[in-house]
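Below you will find one chain, with nothing else, as structure tokens; this is the form predicted on its own, and questions on how it binds or moves follow later.
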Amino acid sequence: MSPASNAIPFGSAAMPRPRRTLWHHLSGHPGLLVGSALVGFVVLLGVLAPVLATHPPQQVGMQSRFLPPQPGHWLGTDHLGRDIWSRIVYGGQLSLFVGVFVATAGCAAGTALGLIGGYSKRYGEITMRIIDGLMAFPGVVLGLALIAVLGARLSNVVFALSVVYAPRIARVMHAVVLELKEREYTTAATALGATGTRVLARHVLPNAVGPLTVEFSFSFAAAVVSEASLSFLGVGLPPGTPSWGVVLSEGRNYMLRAPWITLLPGLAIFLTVMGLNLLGDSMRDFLDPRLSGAGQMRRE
């Protein structure tokens, strides 16, 4: 048999496959691309709000009340003649601020509580029972109670929503810690004399980045909806604030006369939350090797 007959045919299964590029990974997760585009668009609107706004968001013009979308007022005006486009882009700033701070504070507090609950034998059971008690309250009800005590201010809304979503992140982190602390590398590190703090910092937290990233995106989306809900009910941000929930609340009495007042901020909330949920769901599949592998097998 000649040496040429032993050669591996081109394109056979034995040929080494080229390394998959980042674009190939992203193309397998269209939700990640769509979610990133929607979230990036909202972030861009919020950051460039002073440039994109055509009028000050609080500027009143009684002679321009209930104007439909037209040149000069791209999305129309409300019952006080305020420009809806300007209020929506500035409302995006507030929604991004609330979402980022609530998700960050909730992840920080939830991670700490989850680590204690999952790794500490002395305080873990007490911590998780407190978490269960907080989770027994519906999120909106707990937020209403806290804001009723603290007052309707932006800082109080952020604090109340952080308290609402921290227990949910703590419960997820608790499950992650219970799984990771039984792995061989954590058991080996403990057997070699590593302290609990070192094991958590070197072996548990780095492997929990994926679930925390996903929970951050979901908490971000939930915070945007909750802030709008509280403001719509009149217990969130003060009236007149250019917030999506406040604009919805102020326009609900004029839905038949001027439907654009409520439809457009509602659409902004819908697109933002859909983008964040698509991003979080796709990141979960992208970061979890088991889900990514299953999806790849289905595609093949």
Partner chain sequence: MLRSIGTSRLRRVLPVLIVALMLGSASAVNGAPAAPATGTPVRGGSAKIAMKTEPDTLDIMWSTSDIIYWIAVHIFEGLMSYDAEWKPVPHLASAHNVSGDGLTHTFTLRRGVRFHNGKEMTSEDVVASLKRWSAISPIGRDINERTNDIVARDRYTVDWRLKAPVSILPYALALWSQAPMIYPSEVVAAAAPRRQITEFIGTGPYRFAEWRRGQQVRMTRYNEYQPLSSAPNGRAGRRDAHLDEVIFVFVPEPSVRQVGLEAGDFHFVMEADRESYPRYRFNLKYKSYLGKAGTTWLVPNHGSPLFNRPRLRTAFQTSVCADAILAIYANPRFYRKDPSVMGPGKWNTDVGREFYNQCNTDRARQQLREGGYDGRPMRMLLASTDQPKIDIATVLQQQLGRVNMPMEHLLRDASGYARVRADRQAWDMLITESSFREHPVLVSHLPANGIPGWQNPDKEKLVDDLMAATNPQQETQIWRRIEQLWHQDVAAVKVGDFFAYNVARVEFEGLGDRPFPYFWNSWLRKR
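Bear in mind the structure is a predicted one, so any value in this text is a computation, not a measurement. Positions refer to the first chain, counted from 1.
One more form of this protein should be noted, the form predicted together with its partner chain, which is absent from this view; the next part is about it.
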Notebook entry, point to check: So which stretch, 175-183, 69-77, 97-105, 146-154, is the one near its partner chain in the model of the complex (non-hydrogen atoms, 4.5 Å)?
Noted result: 146-154
Notebook entry, point to check: Quick one: is F41 in contact with its partner chain in the model of the complex, heavy atoms, 4.5 Å cut-off?
Noted result: no
Note to self: Since only the chain is shown here, I'm wondering whether T54 would be in contact with its partner chain in the model of the complex (any heavy atom pair within 4.5 Å).
What the structure shows: no
Item checked: 4.5 Å heavy atom contact, P238 to its partner chain in the model of the complex -> yes
Note to self: in the model of the complex, is there a heavy atom of its partner chain that lies within 4.5 Å of any heavy atom of M255, even though the partner is absent here?
What the structure shows: yes
Margin query: Using a 4.5 Å cut-off on any heavy atom, which residues of 57-83 would contact its partner chain in the model of the complex?
Written below: Q58, Q59, V60, M62, R65, F66, H79, L80, R82
